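Below sits a lone chain in structure tokens, taken as the form predicted alone.
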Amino acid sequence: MDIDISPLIENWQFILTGLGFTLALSALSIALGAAIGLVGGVLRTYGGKLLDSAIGLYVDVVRSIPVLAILVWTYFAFPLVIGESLTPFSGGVLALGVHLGAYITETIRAGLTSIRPGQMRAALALGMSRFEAIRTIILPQALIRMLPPLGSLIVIAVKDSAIASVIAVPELLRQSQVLAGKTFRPFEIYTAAMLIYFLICYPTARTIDRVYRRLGVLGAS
């Protein structure tokens, strides 16, 4: 098999555009998922039985549906509910963020419940409000404990961004598909795409692991 990388060299700007969309889509969906997960995790842990049940239902529903189905529904069906159309990019961010948020919610809930209850009681006894205790004492320790699973979820979010190609978001995989169809060099182009995903995800995972090894002792309680 002959290997020809000239299509990659000649079309590097086309690939770079896809990489930019991948990074933007990943960053925004992670930010949305983190916001949902933080609020959901805290409310599910400390918000009482009603909120726990309601947020638990959201988590169970989202985790029971394939992310591809959520993505397609969000882009094609959700606009019928709100009466406004979504761009492929905004639909991708919304779908991937809501999907990721369910997993981050459970990760944060697990981290919060891993902190000994005595710390909350001590904070309340010192006159702190429940919100202050969570923000300054409980959550910082829990976040350190949650670094490994959160790191895995971040890597998964970057890889899941490739699924947005089905709704024509011009991210890396979509651009690779278009270029492979034009140049008839799928081996070189898809191999390059895989390498780019690796160069994004592997350093991210290793960096988070290194941070956790340095800070892990601070999460002990």
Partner chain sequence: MTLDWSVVWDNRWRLIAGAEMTVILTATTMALALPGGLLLALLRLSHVHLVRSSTTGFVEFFRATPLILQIYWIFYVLPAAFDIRLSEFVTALLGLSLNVSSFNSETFRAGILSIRPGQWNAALALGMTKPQVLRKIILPQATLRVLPALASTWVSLFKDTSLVSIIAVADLSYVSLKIRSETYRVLEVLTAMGALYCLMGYPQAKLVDWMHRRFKVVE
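Positions refer to the first chain, counted from 1. Note that the structure is a prediction, hence the values are computed from the model and not measured.
What comes next is about the form predicted together with its partner chain, which does not appear here.
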| property | result |
| --- | --- |
| Proximity to its partner chain in the predicted bound form, single hit among Val61, Ala31, Ala54, Ala168 (heavy atom within 4.5 Å) | Val61 |
| Listed residue that, although its partner chain is not shown, lies within 4.5 Å of it in the predicted bound form (heavy atoms), from Leu147, Val72, Leu94, Leu86 | Val72 |
| All of Ile5, Leu19 and Tyr212 with a heavy atom within 4.5 Å of its partner chain in the predicted bound form | no |
| Non-hydrogen atom contact Tyr197 with its partner chain in the predicted bound form at 4.5 angstroms | yes |
| Interface membership of Tyr202, its partner chain in the predicted bound form, 4.5 Å heavy atom rule | yes |
| Interface membership of Tyr190, its partner chain in the predicted bound form, 4.5 Å heavy atom rule | yes |
| Touches its partner chain in the predicted bound form: Ile163 (any heavy atom, 4.5 Å) | yes |
| Residues of 66 to 98 having any heavy atom within 4.5 Å of its partner chain in the predicted bound form, listed in sequence order | Pro66, Leu68, Ala69, Val72, Trp73, Phe76, Ala77, Leu80, Val81 |
